[in-house]
Ligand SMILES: O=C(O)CCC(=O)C(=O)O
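Starting off, we have a lone chain in the form predicted on its own, written out as structure tokens.
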Amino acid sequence: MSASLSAPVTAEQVEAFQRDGAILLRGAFRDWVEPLRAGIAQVMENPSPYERSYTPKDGSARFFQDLCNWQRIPELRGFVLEGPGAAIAAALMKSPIARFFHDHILVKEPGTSMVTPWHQDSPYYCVGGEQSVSFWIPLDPVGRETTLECVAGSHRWGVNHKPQRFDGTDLYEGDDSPQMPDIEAERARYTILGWAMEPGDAVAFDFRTVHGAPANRSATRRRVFSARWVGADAVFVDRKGRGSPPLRHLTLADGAPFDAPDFPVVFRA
């Protein structure tokens, strides 16, 4: 299957993605804003078993999250199989293929105090490899003060930091991986990328890139659809079904090629 590429990336964008681990793609998914909004509405009305929402202890608005809905929601399935994401992902990853990993819906309601802590996605995932990209696609206007932030070059640090839950507890028992540095306390030490965004824009970032997002203190809802892709070098990493998403049904061997019906190749050069 081959997806159309209506928003091509330039050689300069590919170079910047490879160098910084995160870039902004203006208007890349503009034509898909309404279908994705409709898909998110359906998921919020009928969440999946993977729903992971948080209500802050201070009583402020909730942070809704859900994962792996593309196969059951027609609008999301259309985005994955027919949208430009696969071809863009392959180009950014410098991979001959783009294989879909999973989708993630993130809705920060107006006024929520919930902060997304600084983290990398790679230690949470059941996939390894050098080629990966996640598209963070807002479906509402996002100001610079509420946007996703990424630490430039952190995908090349050569370390997977200890994954933790939002409450600060370790995701994996006995994990002796290095702690994430306190990025927030030492922001001046890092090159932190972040952009004001419009619906249909996207941040493309490597799974290993350190990133986080502030609370949504604005009066505007912040709906985001995230689509995650891997390349030709992807292999299965056995997390014993404890990662995010916790895909306990997979029977791939640790280190095996990342090839299963859940993860279709959508673009092939």
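All values reported here derive from a predicted model rather than from experimental measurement. Sequential numbering from 1, following the sequence displayed.
Omitted from view is the form predicted together with the ligand, to which the following refers.
_Contact with the ligand in the predicted complex for W136, defined as at least one heavy atom pair within 4.5 Å: yes or no?_
Within the cut-off, so yes.
*Looking at the partner-bound form in the predicted complex, is F166 within 4.5 Å of the ligand by any heavy atom?*
F166 belongs to the contact set for the ligand.
*asked:* Please determine whether D140 contacts the ligand in the predicted complex, using a 4.5 Å cut-off between heavy atoms.
replied: No, D140 stays farther than 4.5 Å from the ligand in the predicted complex.
_Heavy atom of S244 within 4.5 Å of the ligand in the predicted complex_ = Answer no; every heavy atom of S244 is more than 4.5 Å from the ligand in the predicted complex.
_Which of 43-51, 66-74, 24-32, 210-218 sits within 4.5 Å of the ligand in the predicted complex, heavy atom basis_ = After filtering at 4.5 Å, what remains is 210-218.
*Quick one: in the predicted complex, does every one of S132, H155 and F236 get a heavy atom within 4.5 Å of the ligand?*
No.
*Determine the residues of 89-121 with a heavy atom within 4.5 Å of the ligand in the predicted complex and present them in sequence order; the list may be empty.*
Read in sequence order, the residues that approach the ligand (within 4.5 Å, in the predicted complex) are L106, K108, T116, H119, D121.
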